[in-house]
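Given next, in structure tokens, is a single chain: the form predicted alone.
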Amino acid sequence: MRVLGVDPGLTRCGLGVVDSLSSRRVALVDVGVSRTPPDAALADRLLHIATELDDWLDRYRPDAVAVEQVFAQRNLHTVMGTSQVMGVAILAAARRGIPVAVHTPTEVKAAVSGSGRADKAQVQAMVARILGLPEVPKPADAADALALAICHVWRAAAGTAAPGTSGPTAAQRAWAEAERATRRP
């Protein structure tokens, strides 16, 4: 299985492709970041990211696309941009008939590091270790995209991924319930 991981962001959108191998091993195919200038028009920024996503999808022909679920932040502007890029990624895959899975940050952290509370540095170090890289992919968005792809490969191998659907997985439902519980009086 080949998976394209997308860490959506309007200024930096991480892109990472991995292939699954035997015994839960994965191999790096490519990693990069689509960058757009913050002062460019929104339409131009989304078009640039869409064009790069199209290029990656056509070049690597993944079997699935794994996108990070947008989570609530205090910065509404950041959430909106991230959500828009998430939609661009899902649409680009859907146009090609490629299944899309959405994974929460906690789900990805748990899959890659063993703990849903791992910090970014721990996740990045594990991505480098899992892929046998001499150093952590930079910037963080690139490593995050690879973590998403690895998470999806491993969940698919375990039969717990939801390929072809963008509905929530059991882990996503549990995460959403935990978030709701923290907001209750």
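Quick note: we count residues from 1 along the sequence shown, nothing fancier. Please read these numbers as outputs of a predicted model, since none were measured by experiment.
From this point on, the text means the form predicted in complex with another copy of the chain, which you will not see here.
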item	value
Contact of Ala50 with another copy of the chain in the model of the complex (heavy atom, 4.5 Å)	yes
Non-hydrogen atom contact Ala111 with another copy of the chain in the model of the complex at 4.5 angstroms	no
Residue contact check: Thr106 to another copy of the chain in the model of the complex, 4.5 Å heavy atom	no
Partner proximity in the model of the complex: Ala121 to another copy of the chain, non-hydrogen atom cutoff 4.5 Å	no
Of Leu42, Leu133, Ala27, Ala158, the one that lies within 4.5 Å of another copy of the chain in the model of the complex (heavy atoms)	Leu42
Residues in 1-26 close to another copy of the chain in the model of the complex, defined by a heavy atom within 4.5 Å, in order	none
